[in-house]
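Heads up, the chain below is alone and in the form predicted on its own; it's given as structure tokens.
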Amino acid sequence: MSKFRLDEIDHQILDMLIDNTRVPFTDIAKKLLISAGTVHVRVKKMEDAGIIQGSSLTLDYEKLGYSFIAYVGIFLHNTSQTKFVLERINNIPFVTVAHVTTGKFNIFCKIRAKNTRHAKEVIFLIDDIEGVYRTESMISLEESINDKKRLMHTIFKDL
């Protein structure tokens, strides 16, 4: 598959969508002095090329009562159990991110919970999965940086 080429208009459209995925195409068109139809066609082409994959919603978890964040490193009995364990982890809704890793852990997860008691329950659910040898947890004191926008803007500047 050939690399999709982005021009300056595409970059500007992406910059605006990165900052606010809900911005109307008519607003983008007015700012760029192009038609809303042109914006629509360009976004559709970027979706078809796989550059844009849906849109996302950002929640304030603290306001929803889920301000507790912990990271859980998972040790497996055998690496061959990775897929099985990930399938079980995927059934725990409080695990928001899971990575297969090299180094100390086989799998590394981020969990969101209401409080320490709730986090303990989630960690025990992970511990109870067949194939999990043990876990090691770290409590996040503060999520100081969580900004995908900076990376996306940098990537698009480099294209």
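In this text, rigid core is short for the largest set of C-alphas that superpose within 1.5 Å between two forms. For every residue, the number given is its place in the sequence shown, counted from 1. The structure presented is a predicted model; accordingly, all values stated were derived computationally and were not measured.
Another form exists, predicted in complex with a further copy of the same chain; not displayed. Remarks below refer to it.
- Among heavy atoms of E130, none comes within 4.5 Å of a further copy of the same chain in the model of the complex.
- The closest heavy atom approach of L86 to a further copy of the same chain in the model of the complex falls within 4.5 Å.
- Interface residue remark: T116 is not counted as part of the site for a further copy of the same chain in the model of the complex, having no heavy atom within 4.5 Å.
- Mapping the unseen interface onto this chain, G37 falls outside it, with no heavy atom inside 4.5 Å of a further copy of the same chain in the model of the complex.
- In the model of the complex, the residues of 61-76 lying within 4.5 Å of a further copy of the same chain by at least one heavy atom are, in order, Y61, K63, L64, G65, Y66, S67, I69, Y71.
- After superposing the rigid core, the C-alpha of E142 moves by less than 2 Å between the shown form and the other one.
- Relative to the shown form, the Cα atoms of I145 and G54 move together by 3 Å or more in the model of the complex.
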